[in-house]
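Read the single chain below, which is given as structure tokens and is the form predicted alone.
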Amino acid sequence: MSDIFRDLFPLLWSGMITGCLYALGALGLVMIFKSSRVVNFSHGNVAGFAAFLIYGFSSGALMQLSWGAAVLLAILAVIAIACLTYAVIAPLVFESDLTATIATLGIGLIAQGATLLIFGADIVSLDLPVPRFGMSVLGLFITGYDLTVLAVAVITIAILFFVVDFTKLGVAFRAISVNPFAAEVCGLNLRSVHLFSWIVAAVLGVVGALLIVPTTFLSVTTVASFMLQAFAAAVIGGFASLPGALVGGILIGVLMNLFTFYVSPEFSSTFLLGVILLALNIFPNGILARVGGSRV
């Protein structure tokens, strides 16, 4: 029993750290769904393409830039991709949510194909310039990577919630999330708010990809696989709730960590699917919607 508790707290800590990354991915999915009712299945492949761009810009494969310049250039690239993507599917968004959602599958395949065409199918390494140290605190071994992920996630999420809660653009986003027809009648431009959410989601995807890739290698499927967990986080938290995405991300991170360690890493994908199905049956609108009502 003592061995179980000895392992439990480090697993909870590392699960929470990984869960912060899932939350970043889930927030991107929720931003787009709340504004335009589209489930963006291209989120992972576009974020993966951005991670490869950073590798290409910083490793000499495409350019030889500093890491910071490579990240900035990649973010500008995904913003351009987000604008182009929305320009393509905008007519579909106003016709059918389902058609627009299916269209994102095609865009994801295009992004994956572009990654393979430019960078090939090789697995590469993309490092994150973070302080490399470790320390033991109350039985937990905390690394510089853990603190970096936590700090970046907290700052990014705080900025996002500030924009949504306290700016005119955020007010417009919340109004369109509740009633797009009434918002349009009041003079709000739906396309501008949709585009805002697509751009924010793209940037969140890049941040999440940057932080998750150093824990593994970068391949054409790495970030897309990571986004499956983000999708599960959005399902648990509710696609209509930004706080729910945050809670869902941390829950998925912890649950996946515990299952992988105590049960079996081979069945982690099966477990994830089971969690999604269970959540859809028990909390179809997300856990926060059941507890306190959906928050705008």
Partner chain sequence: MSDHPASLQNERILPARLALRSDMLNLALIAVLLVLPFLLGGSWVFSLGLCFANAIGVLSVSVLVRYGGEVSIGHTFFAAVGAYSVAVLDTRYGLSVLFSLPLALALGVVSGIAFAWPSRKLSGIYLAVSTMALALAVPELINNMDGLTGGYEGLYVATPAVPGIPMGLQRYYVALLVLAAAVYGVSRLRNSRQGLVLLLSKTHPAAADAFGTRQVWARVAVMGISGGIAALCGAMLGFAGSTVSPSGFTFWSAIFLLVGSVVSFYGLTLWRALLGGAFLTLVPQLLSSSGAWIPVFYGVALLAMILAGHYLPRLRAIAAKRKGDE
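Positions refer to the first chain, counted from 1. What you see is a predicted model; the values in this text were computed from it and never measured.
Separately, the form predicted together with the partner chain exists; it is not shown, and the next lines address it.
- For the candidate spot formed by 96, 235 and 277, every residue has a non-hydrogen atom within 4.5 angstroms of the partner chain in the predicted complex.
- Only one segment in the set 265 to 273, 64 to 72, 245 to 253, 47 to 55 has any non-hydrogen atom within 4.5 angstroms of the partner chain in the predicted complex, and it is 265 to 273.
- Between the options 81, 218, 103, 206, the residue in contact with the partner chain in the predicted complex by a heavy atom within 4.5 angstroms is 103.
- Site annotation in the predicted complex: the residue of 195, 110, 147, 157 reaching within 4.5 Å of the partner chain with a heavy atom is 110.
- Under a 4.5 angstroms non-hydrogen atom cutoff, the partner chain in the predicted complex lacks residue 258 among its neighbouring residues.
- In the predicted complex, the partner chain sits within 4.5 Å of a heavy atom belonging to residue 117.
- Although the partner is absent here, residue 175 lies well away from the partner chain in the predicted complex, with no heavy atom inside 4.5 Å.
- Within 4.5 Å of some heavy atom of the partner chain in the predicted complex lies at least one heavy atom of residue 88.
- Contacts of stretch 184 to 209 with the partner chain in the predicted complex, defined by any heavy atom lying within 4.5 Å, are made by none of its residues.
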